[in-house]
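Encoded as structure tokens, the following chain is the form predicted alone, with no partner shown.
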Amino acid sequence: MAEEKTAITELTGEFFDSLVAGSEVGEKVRSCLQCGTCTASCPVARYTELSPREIVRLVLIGGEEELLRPEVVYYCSACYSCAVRCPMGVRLTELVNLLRDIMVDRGMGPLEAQVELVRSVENYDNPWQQPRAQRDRWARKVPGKVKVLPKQKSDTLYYPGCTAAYLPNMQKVALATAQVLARAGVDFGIMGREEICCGSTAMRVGMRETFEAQASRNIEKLSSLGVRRIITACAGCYGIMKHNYPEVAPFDVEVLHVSEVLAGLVSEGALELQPIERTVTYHDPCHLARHGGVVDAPRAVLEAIPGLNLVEMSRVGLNARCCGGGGGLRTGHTEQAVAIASERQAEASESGAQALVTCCPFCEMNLTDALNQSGGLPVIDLVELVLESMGETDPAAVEAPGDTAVDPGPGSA
């Protein structure tokens, strides 16, 4: 083993050095044992021409031509399963991000469908090709008035993100979040039409320059508001802002997922929750659990709802099965992404639950597509369930006259 490791180290050359120069993941890649744990953990390994283990080895030996191909690099769902299980701590998800950056720099990526979403971010500040002027239309459906920062003042910003702001079938999450926070007495505001995409779509497909430009703009906008904390109900926005923004520019605003806020309100007794007689299971979004480390908060909220019976799937928390909706996989390889979601739906059905709860719009969309295609459980967001328990649901409020229809397409996270 020692001789083989020495041989691998000696084979690293110009490609390896240019790829990982000065990066944290680069130093870790040298310690790879080639044990295959990453491949065994990967939800897309069966679809790719090269396994995660083979990708690492090719990086080490300089197999540039075989490695830098769209059918290899653009199959990662950015689920971080490989990263949390690697015995040597190799962050393979970050390594794939680097490979995608190189693909884009050389004009070899991203995939055509992914390019459309990124161009929309560049032109419209959202991936859905929707006008900036309609970004705050969802807020008009919230009972009462929502503060708009910085015209009005608050130390808390609710950042719904592009998907919940624009897609009619996902605006219910933005509405439910705003209503729950207001009912719980949380003083918050939104940016309204001034809100822009967090840049996750661009970063995940290797459009690093676009991401950094978008992140820099957003950091400046968010920092100028003078808020103490930012709340998001999107696991993707949460992960990007909390973990990736500080790498772009100084960013000292606290970023919280709404499940963390709700768990705090539960412990304070600030939520008046009524019984819901239902059995549910919970799906951990990859960007919230493995990337963000938030596992207990959503469960604490569910367990606080009287009458609600939470049953767990066989794989939960950091070990949860990916839904296949992230990393641009749903955009570039929709069939495979939905197939992975179908496996998660089957696991949810086996739990004996009546509904599948999650707190990520991309998970909800992909798992719902799997439900429609191959069966499973209806999917509901955590904040929607909390709102129901507070006795305030109004499905009709999601669709309002004059709404612009948006085809959600495959999406990207």
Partner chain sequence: MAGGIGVYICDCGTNIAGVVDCAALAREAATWPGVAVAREYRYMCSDPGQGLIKSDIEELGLDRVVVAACSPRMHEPTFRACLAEADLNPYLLEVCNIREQCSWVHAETGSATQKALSLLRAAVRKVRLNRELSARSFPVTRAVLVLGAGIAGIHAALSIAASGKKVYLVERGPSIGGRMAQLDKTFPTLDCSACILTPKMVDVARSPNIELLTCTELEELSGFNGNFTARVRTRSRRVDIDSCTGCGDCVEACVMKGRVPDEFDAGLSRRGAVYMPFPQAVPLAAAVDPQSCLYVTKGKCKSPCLEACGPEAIDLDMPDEVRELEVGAVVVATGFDVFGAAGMPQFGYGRYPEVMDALQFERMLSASGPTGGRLLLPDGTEPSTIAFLHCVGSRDENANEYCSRVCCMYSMKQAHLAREKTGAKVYEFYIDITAFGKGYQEFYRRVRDEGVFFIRGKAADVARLGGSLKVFAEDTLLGRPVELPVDMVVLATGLIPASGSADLARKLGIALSPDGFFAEAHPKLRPAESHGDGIFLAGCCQGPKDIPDTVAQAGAAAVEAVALLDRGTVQVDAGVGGIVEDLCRGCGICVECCPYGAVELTADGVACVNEALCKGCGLCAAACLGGAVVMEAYDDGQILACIEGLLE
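Every value quoted in this text rests on a predicted model; they were computed, and no experiment measured them. Positions refer to the first chain, counted from 1.
One more form of this protein should be noted, the form predicted together with its partner chain, which is absent from this view; the next part is about it.
- Only one segment in the set 44-52, 355-363, 59-67, 371-379 has residues whose heavy atoms sit within 4.5 Å of its partner chain in the model of the complex; it is 44-52.
- Listed residues Glu212, Glu312, Asp296, Glu94 were compared with its partner chain in the model of the complex; Glu312 is the one with a heavy atom within 4.5 Å.
- The listed set Cys86, Val146, Leu256, Leu181 contains one residue whose heavy atoms approach its partner chain in the model of the complex to within 4.5 Å, identified as Cys86.
- Candidate site formed by Leu19, Glu71 and Thr331: none of these residues places a non-hydrogen atom within 4.5 angstroms of its partner chain in the model of the complex.
- Its partner chain is not drawn, but in the model of the complex it has no heavy atom within 4.5 Å of Asn169.
- Within this chain, Asn319 lines the site of its partner chain in the model of the complex, having a heavy atom no more than 4.5 Å away.
- Within this chain, Ser349 is remote from the site of its partner chain in the model of the complex, having no heavy atom within 4.5 Å.
- In the model of the complex, its partner chain sits within 4.5 Å of a heavy atom belonging to Gly36.
- Taking its partner chain as positioned in the model of the complex, none of the residues of 359-387 brings a heavy atom within 4.5 Å of it.
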